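Given next are two forms of a protein chain, the same chain in both, each as structure tokens and marked structure 1 or structure 2.
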Structure 1
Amino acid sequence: MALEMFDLSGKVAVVTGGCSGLGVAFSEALAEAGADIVIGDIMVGTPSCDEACATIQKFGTKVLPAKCDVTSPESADNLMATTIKEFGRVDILINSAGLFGENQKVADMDPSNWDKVMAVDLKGTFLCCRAAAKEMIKQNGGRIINIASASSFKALPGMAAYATAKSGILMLTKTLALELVRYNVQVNTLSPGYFITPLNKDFFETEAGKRMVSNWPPRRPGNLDELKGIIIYLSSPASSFITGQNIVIDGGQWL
């Protein structure tokens, strides 16, 4: 009985930013738990996204790549419309699309860098939440998991745009959770620390990367597989009475 609470068979999950990084791990985890996957990503059609889709298909579930620019209201709405047209419902939304932007201190920051990060990380999350919420209200159920960051809790020089956007996601999550709780929709935030991805793997193997890691309590970054259990939990019936919460998964890096 307990294991059945984590079964996502027959569910439909939309994962933004699912062609790379953390989004790939989230998509794989949900597919392995039985969910059909819609990947919403501006990189749809590229070799890396084709590879991600092929990996997901190995779990025996359906995968639909749908090109999406999360900064566009029309594109976010079309992503949900495409999902409904193909599968008839949307049960899970993982807002994983995001970018770091340039490392710039506030006094020296180009305003365009601020705007770019806010548009993808915060506005993009809002637009996809908005589009999914409309459908989840109609069907009286759903799960939304927004991806913030452990950077939401610790000030780092040069990271003002990214940290501010991710901090904004925390309050967006709480507000949306309150608005949707009576429709049986749970909205939560996952805040990862540093995890090894294709983009940062080489850095962690350099001397500078090794020095940085040596200062962390766990003495290592996380592996993407270590994100899979928590994303399944937040997407499944096992978390049906949890909403408006933020879960930090950083191996104690910020302790």
Structure 2
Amino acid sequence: MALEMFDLSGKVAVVTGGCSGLGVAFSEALAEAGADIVIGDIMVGTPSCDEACATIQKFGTKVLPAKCDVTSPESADNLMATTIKEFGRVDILINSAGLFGENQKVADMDPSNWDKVMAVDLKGTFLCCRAAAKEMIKQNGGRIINIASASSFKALPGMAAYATAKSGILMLTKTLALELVRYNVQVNTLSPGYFITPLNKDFFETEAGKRMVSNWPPRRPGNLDELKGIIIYLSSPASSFITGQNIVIDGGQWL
């Protein structure tokens, strides 16, 4: 009975940023729990995307790659329209598309760096939330999980654009959760600590990166498999009375 609450059979999940890193792990987890997956990513059509699709397909549910640039309202709306056309509904949205931008202190920051990070990480999350919310209101049900970061609450030099975008996601989540509560749509944020992916692997190979890891209480980054339980939980009936919350998954890196 309790385990049935984690079953996602017959559900349809859209995962932005699903061609790489955390997005692949999220898609694998949801597919393993029974959901069909739509990957919305600018990298659709590249070998990395084909590789991600092959990994997800091994769980036997359907996987549809749909090219999408989350910074464009039309593209975000099209992603949802494609999902509805192919599957008839959208039960789960995971907003994992994101980028880090350049490491620049505020006094030296090129405004174009700020704009680029805000466009993908904050506006992109908003646009996909907006597109999914319209469908979920009609369906009277759904789940949205926005991916923020431990940077939402931990200041680090050079990361103002990223951290500001990610902390903006926390308030977007809470506001949307309040707006959608009566439609049986739960909206939550997942804030991961550091997991090695193409987004940050160069940094962790530097001396500064190695020093950072050795200063963390757990002395290690997260393993992508360690994200899977929480994403299934937040997407499933098991978490039906949780909304507007931020769940940190960092193994104590920032305690």
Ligand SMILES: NC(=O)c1ccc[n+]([C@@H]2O[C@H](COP(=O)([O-])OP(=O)(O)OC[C@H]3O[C@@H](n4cnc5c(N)ncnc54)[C@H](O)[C@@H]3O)[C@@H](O)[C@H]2O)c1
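Residue indices: 1-based, along structure 1. Rigid core (definition): largest C-alpha set, two forms, superposition within 1.5 Å. Treat the numbers as computed from the prediction; the structure is a model and nothing was measured.
S.K.: Which number, 1 or 2, marks the form predicted in complex with the ligand?
M.R.: Structure 2, not 1.
S.K.: Following rigid core alignment, is the displacement of the Lys210 C-alpha between the two structures equal to or greater than 2 angstroms?
M.R.: Yes, because once the rigid core is superposed, the C-alpha of Lys210 moves 2 Å or more between the two structures.
S.K.: With both forms fitted on the core, check whether the Cα of Pro47 differs by 2 Å or more between the two structures.
M.R.: No: Pro47 shifts by under 2 Å between the two structures.
S.K.: Given a superposition on the rigid core, I'd like a yes or no on whether Gln57 shifts its C-alpha by 2 Å or more between the two structures.
M.R.: False for Gln57: its C-alpha shift is below 2 Å.
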